[in-house]
Every structure is written in C-alpha cells, then in structure tokens.
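Taking the form predicted on its own, here's one chain by itself in structure tokens.
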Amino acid sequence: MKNPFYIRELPFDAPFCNREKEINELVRHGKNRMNVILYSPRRFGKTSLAKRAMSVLSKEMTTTIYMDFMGTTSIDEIAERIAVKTYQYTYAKENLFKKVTRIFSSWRPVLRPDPETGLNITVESVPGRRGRIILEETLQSLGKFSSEAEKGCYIVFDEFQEITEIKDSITIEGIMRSEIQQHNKISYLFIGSRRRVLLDMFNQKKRPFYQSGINYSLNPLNTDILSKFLVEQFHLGNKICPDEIAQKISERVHGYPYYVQKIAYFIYELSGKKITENDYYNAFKLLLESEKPLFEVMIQSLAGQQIALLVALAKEPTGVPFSAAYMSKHQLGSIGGVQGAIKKLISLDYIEKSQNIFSIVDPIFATWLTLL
C-alpha cells in the first residue's frame, strides 16, 4: 500500500491533524479583512495551514494569492515577486488576466513554453522603473486590483521577515506599510519562522508595521491527539502501531508536524505488519541522518562560541547561562561573548527563552548537537 505519511508540503487532500481551530480562525480573520502575523518555529506547518485557509476562502470567491519572500535580495525583487505571482494566479482566468495586464502598468507579462508545467510566466519591468518607485507602483496596482474584486483578496506573504536582510530594509518596510494600510479589500497574512525578527517588525514602536495586525502563534500539536492520529494513519496504511509507540514518537519530536510525518514515513517503510520498538529506533536514526546536511549548514556560518553555546544548551538547558559554573563547565568563554551569542541565536530562532529557561528550539537539532 501507499505510505500514508508525507515528508513534503501536505497536499490539500492529505489528512491534517488537529488544526481545525486554527484554519477556522484564519478564515474568519480573512473574511473580516484583518491582517494577521502567523509565527512559529520552522517546520510547524505554517505554509500548509495558510494554504488550507486560502483553499476555504477561494471557494467563497475570495481572490487568494501566495507569495514567498525567502531569498529576496532587493527592493526590485520584492516588487517583481508580487507582480509575477499576481499574473500567475490570474492567468487561468482570462478576464482577470486582462485586468491585471491593464492595472499593473509597471510590468509586462512574459509567457514561455515549459516542458514540465506547460507554461512559464515571468515579468519584465517597463524602462525607468526601479527601486522605491516600482515597489510603490506595484503595491498601488495590487490595491487597485483588489478594489475591483467583488469579495476582496486574501494575500499571504511567507517568510516576510526576510525583507529585513535587504539594504535599507526600514525604508522598504515604510513603503509597504504606507501602501498596504490603504488596501481596504485585502486581508494580509504575514508568516515567519524567525519569530523574534518578525515580531519585532510588528511590535516595536518605531517600526513602520507597528501594531498593524493580530499576533497569532502556531503551537505544537497536542501529543495525545497526535498519537491517536498516528495510530489511525498507520491503520489506513494497513499496519498496526501500538499506542505506546505512537506516544513515544509524538513526545520525542515535541509535537513538530514535519518531524512527526518524517519519522512515521520511515517507520512505515521499515516495518512489517506490526510496528516494533526496533522500527522506531531505526527510523529515528534515519531521521537524524537525513537532517544532518541541513544542520551542518545551520552552524557553518556561526562563530565558535555560538556553536559552543548551542551544544551546551542542547545538553543542559539553563536559566543561568552567565553563571561562572555553567560557563566553566561548557567552556563558553567571556560573558560578553555569551551575551552576543544569545542575541544572535535568538534572532536565527535556534534558541528561545521560555519560563526563564534557555533551550534549543528544534528538538531534533538539539539531539544532533549532543552528538558533536
């Protein structure tokens, strides 16, 4: 039988564990034209959740457009991504496509045959349009397009915090906020996995986006509900998963949706009719091996003291990282260095402080770090 678990973005028709409340709330905010800041650690299923909400809203004739800002390097590229995604969304609807072509006067659509998708849609800017001007005009065009949509638009900006990495990012934030606040028929969903960076954008008084949306934290999946979900999914795949193993999986990955799916996928491939403890342990080893290249990339640009602090917190979460005993035990160097390391690692969302305890955000990353 087909493996019932996924290690990529979940298809719309795939079982979705215990997010009905979140989907319903995002849909309600969308209908109310409220902007929402959706944040969580990476691999919590934010994108899949957003696309589920988009699917519900699109069935009610709301125009829904998804844009990913990961890897953006310039103000021009931000404007280009907004334009190209709008063209791509409307291409299948001839009247809408003509409308976008008329409204987005700073961009011309470029259509080329593609052997895989059938058609590749990109854009070219008109001569003389660059920088601040083209971003302003593109956002104004988006606003005009939405004003002509009967039931408005729902627009998702994924990894929105990445614009802070661009030169003169505060200016970019200012331009976007100035235009977006005039979009009365658009509900924006701003998504980010670098939580501290994203939340600072919307909660620091001197930032342009200050208090311009509802902060919405996506929490880990409930481990008891998740365990029942695992048992059911294995059953659908014609395998028996004992309750205690399902519970062990859920608790070991701390309710992370991505890791739950991945370790369950490996278990399904390794196991016979009935899942055993040995299947669980072998699958966990495969999980660590498969994540190793990513984890190595995560630390390769870090300073030695930052890596040392990560390893220390993986082995021993603490509320007193500056104590002489803790620093000596883990050879962390100076207090100033530890302070700088904490600031850097929080901005990357590698560590967090919860209930006055510093710890590693990603439980599988933490396990890998203890093996260094």
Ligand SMILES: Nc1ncnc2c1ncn2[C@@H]1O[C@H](COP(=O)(O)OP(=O)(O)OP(=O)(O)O)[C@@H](O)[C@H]1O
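Because the structure is a prediction, the values reported are computed rather than measured. Residue numbers run from 1 along the displayed sequence.
Beyond the structure shown, there is the form predicted in complex with the ligand, which is absent from this document and is the topic of what follows.
**Q** Decide if the three candidate residues T164, R195 and L348 all line the ligand in the model of the complex, where lining means a heavy atom within 4.5 Å.
**A** No, the whole trio is out of contact, none within 4.5 Å by any heavy atom.
**Q** Taking the ligand in the model of the complex as the reference, which of Y258, F190, Y89, F284 has a non-hydrogen atom within 4.5 Å?
**A** Going through each option in turn, the one that passes is Y258.
**Q** Only one of L221, I134, C153, I78 has a non-hydrogen atom within 4.5 angstroms of the ligand in the model of the complex; which is it?
**A** After the contact test, the surviving option is L221.
**Q** Evaluate H330 for contact with the ligand in the model of the complex, applying a 4.5 angstroms cut-off between non-hydrogen atoms, and reply yes or no.
**A** No.
**Q** I'd like to check something about P41: if you look in the model of the complex, is any of its heavy atoms closer than or equal to 4.5 Å to a heavy atom of the ligand?
**A** Close contact exists here: in the model of the complex, P41 approaches the ligand to within 4.5 Å, heavy atoms only.
**Q** Please determine whether P321 contacts the ligand in the model of the complex, using a 4.5 Å cut-off between heavy atoms.
**A** Although the ligand is absent here, P321 would stay clear of it in the model of the complex, with no heavy atoms inside 4.5 Å.
**Q** In the model of the complex, is there a heavy atom of the ligand that lies within 4.5 Å of any heavy atom of D279, even though the partner is absent here?
**A** D279: no, not in contact with the ligand in the model of the complex.
**Q** Heavy atoms within 4.5 Å of the ligand in the model of the complex: which stretch in 310-318, 336-344, 44-52, 57-65 meets that?
**A** Among the listed stretches, the partner-contacting one is 44-52.
**Q** Could you list the residues in 150-173 that come within 4.5 Å of the ligand in the model of the complex, counting only heavy atoms and keeping sequence order?
**A** Heavy-atom contacts to the ligand in the model of the complex: only E159.
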